[in-house]
Each structure stands twice: as structure tokens, then as C-alpha cells.
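One chain comes next, on its own, written as C-alpha cells: the form predicted on its own.
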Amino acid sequence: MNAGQERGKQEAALELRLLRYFVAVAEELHFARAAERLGVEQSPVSPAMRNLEATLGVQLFDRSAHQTRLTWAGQVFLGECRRVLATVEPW
């Protein structure tokens, strides 16, 4: 595998990680529980979701001090993420 192929593989893994993070947060509707479910520290999850929203140019979550909810765009994106992850991840 050449360097370009390796870089592409690493970028794809990074993108799938973001999709997994999003699905966990969307299903838990709680960043700390999502991080625990993922087996990661909470600190990278929130910025990753903000970066994902910025990259997509759409708000995926309505956040308040007491509640996290999916926006309509977040609901649509959740369905697409589940479909993509089901396609690429062996069960």
C-alpha cells in the first residue's frame, strides 16, 4: 500500500469514528453517557460534534443546560449514519 492509500484509509477511519460518535450521542442524548458507551473520554466528543456540525453546515443537536435533542436534520442524519455504519461494519 502506498502512502496515499494509507492516508486515505486513515481519513476514512476518522470519518467513521465521527459517525460512531454522532450515533452514540444521538441515541443517548447525553454526551457523557455517549462517551462512556464509546469507551472514550468525554472531552473529545463535544468538540467532535461541533466540528461535524460545522463541516456539514447544519445544526444536528438542540443543546440546553438540561437537555440535548436532535434537530430535524439530526434525525435525518442519524438514519443515514446508521445505514452507512451497517454497510461498512461487520456484525
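It should be emphasised that the depicted structure is a prediction, and the values quoted were computed from it without experimental measurement. Start at 1 with the first residue shown and count on from there.
The protein also exists as the form predicted in complex with the DNA; that form is not presented, and the subsequent description refers to it.
Indicate whether the DNA has at least one heavy atom within 4.5 Å of a heavy atom of G57 in the predicted bound form. Outside the cut-off, so no.
Quick check on R37: any heavy atom within 4.5 Å of the DNA in the predicted bound form? Contact with the DNA, no.
Close approach of F22 to the DNA in the predicted bound form, 4.5 Å, heavy atom: Although the DNA is absent here, F22 would stay clear of it in the predicted bound form, with no heavy atoms inside 4.5 Å.
Quick one: is R82 in contact with the DNA in the predicted bound form, heavy atoms, 4.5 Å cut-off? The answer is no: R82 has no heavy atom within 4.5 Å of the DNA.
Since the partner is left out here, which residues of 56-81 would have a heavy atom within 4.5 Å of the DNA in the predicted bound form? In sequence order, R63, A65, H66, T68 come within 4.5 Å of the partner.
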